[in-house]
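A single chain comes next, written as structure tokens; it is the form predicted on its own.
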């Protein structure tokens, strides 16, 4: 996108008023997106975005400026602005910076540089619509969407590192609504990752549509959720969003450096049941949250966050790693060239344990089986969370019985992790397109876990009799 001479000049200009470190982030993003509603293609869009961001780090502060004008003059003005924001009073930088290309084995296909014909995406949506309506006359609405994105980033740093990454991202999602006798139920299913649209030749839109329709019909027939303290079994795959929100954010280094996380200063301490191990991986092939390199040019890495209940470390970006005397962990991520990077999760998950899912269900006398979640929120400083259950069932005397609707769970992340009493041998990643929000930015992430039993959780529902 820019030649090495221009990149070097930008870095030198960025450091002219002092600074500890500087980098240049160049981005070009091209995307196709189509949406189906009421049996018709409701809209389609293609977009191209490109720009360059320049950052200067001085101590705990960073100066940042960006430009979508790629002329050398405009980019030099951005570098000068970042330099002035981060002015340290040190001597003016002189000389040059020798850039060396970092070679990293890609985690996804680097050969595709164009989108499929529009008819290819439209066909996937129409097939999903037909399948969702096929089996149940109570299905009254189907909304489906598909997106195909190709992002290129080039990153150059004052440490002499230069790297390019070509990142694909494809998503197909189906939302279904069922209605009868004044009641409504909804269901959602999605799939995708850092793949090509050809993925859906073998993972069909019909499969997603049938699953979404099944969940909608199940929720339509469901009983009001009970309320009170009870055992909870979290479903494999989709239950990983609970791990992401309730624990993962608290292990990002910026919160811990500032002392605003419950996990601050607790590396080496027991923070969960000995059954709990938590990883965050940026280097899993084709997963949604995977990155050959992060948005600071650091290769994606395997991070052990919690090991058999003991806190082992945090997710680090460059700024916070410098201030905490640590090494970056490939966790510096940003929404686009318009934003500064932050320490963020990639693919956060719990590996398999030793129990079978059947054993876990059989050991539960009265509880909630939360097969998947619709969303939630967490307060980082306290770890308190609230989650809505997308698909849930009662467990009574060791058996899954009636489906329930409008269930929420309320708890505290660290406390819930101490109450993990069984971990299944069925770990897998969720088949959904999760996007994580933090500090006004959104990035794609992956979540996963095996079936997990928590001995006690507060369930909010509308039925107090059960």
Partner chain sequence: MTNDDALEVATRAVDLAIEAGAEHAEASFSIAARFHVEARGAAVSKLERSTGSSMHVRLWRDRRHATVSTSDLTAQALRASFLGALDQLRYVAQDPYAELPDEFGAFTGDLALVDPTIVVREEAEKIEDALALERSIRAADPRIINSSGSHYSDANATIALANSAGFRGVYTASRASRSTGPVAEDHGAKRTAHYGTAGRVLHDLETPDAIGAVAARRAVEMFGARKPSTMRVPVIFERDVAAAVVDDIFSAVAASNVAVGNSWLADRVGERIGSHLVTIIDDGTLPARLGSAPFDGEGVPTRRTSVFENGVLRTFLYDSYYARKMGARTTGNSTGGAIGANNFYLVPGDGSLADLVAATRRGVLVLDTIGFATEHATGSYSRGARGFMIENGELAYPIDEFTVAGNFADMLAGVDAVANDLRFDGSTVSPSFRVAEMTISGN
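Given the structure is predicted, the values throughout are model-derived calculations rather than measurements. Positions refer to the first chain, counted from 1.
Another form, the form predicted together with its partner chain, is not on view; read the next lines as being about it.
Visitor: Just to be sure I understand the contacts: of 396, 229, 98, 358, which is the one whose heavy atoms reach within 4.5 angstroms of its partner chain in the model of the complex?
Guide: None of the other options qualify; the answer is 229.
Visitor: Considering 326, 81, 210, 102, which brings a non-hydrogen atom within 4.5 Å of its partner chain in the model of the complex?
Guide: After the contact test, the surviving option is 81.
Visitor: Just one stretch in 202-210, 327-335, 136-144, 291-299 has heavy atoms within 4.5 Å of its partner chain in the model of the complex, so which one is it?
Guide: Among the listed stretches, the partner-contacting one is 136-144.
Visitor: If you check in the model of the complex, is residue 434 within 4.5 Å of its partner chain, heavy atoms only?
Guide: Heavy-atom contact with its partner chain at 4.5 Å: absent for residue 434.
Visitor: Is there any non-hydrogen atom of residue 118 lying within 4.5 Å of its partner chain in the model of the complex?
Guide: Yes, residue 118 is a contact residue.
Visitor: Is the gap between residue 112 and its partner chain in the model of the complex 4.5 Å or less for some heavy atom pair?
Guide: Judged by the heavy-atom cut-off of 4.5 Å, residue 112 is well away from its partner chain in the model of the complex.
Visitor: Taking any heavy atom pair closer than or equal to 4.5 Å as contact, tell me whether residue 151 reaches its partner chain in the model of the complex.
Guide: Output for residue 151 is no: heavy atoms all beyond 4.5 Å of its partner chain.
Visitor: Can you list, in sequence order, the residues from 429-451 that come within 4.5 Å of its partner chain in the model of the complex, counting heavy atoms only?
Guide: Sequence-ordered list is empty.
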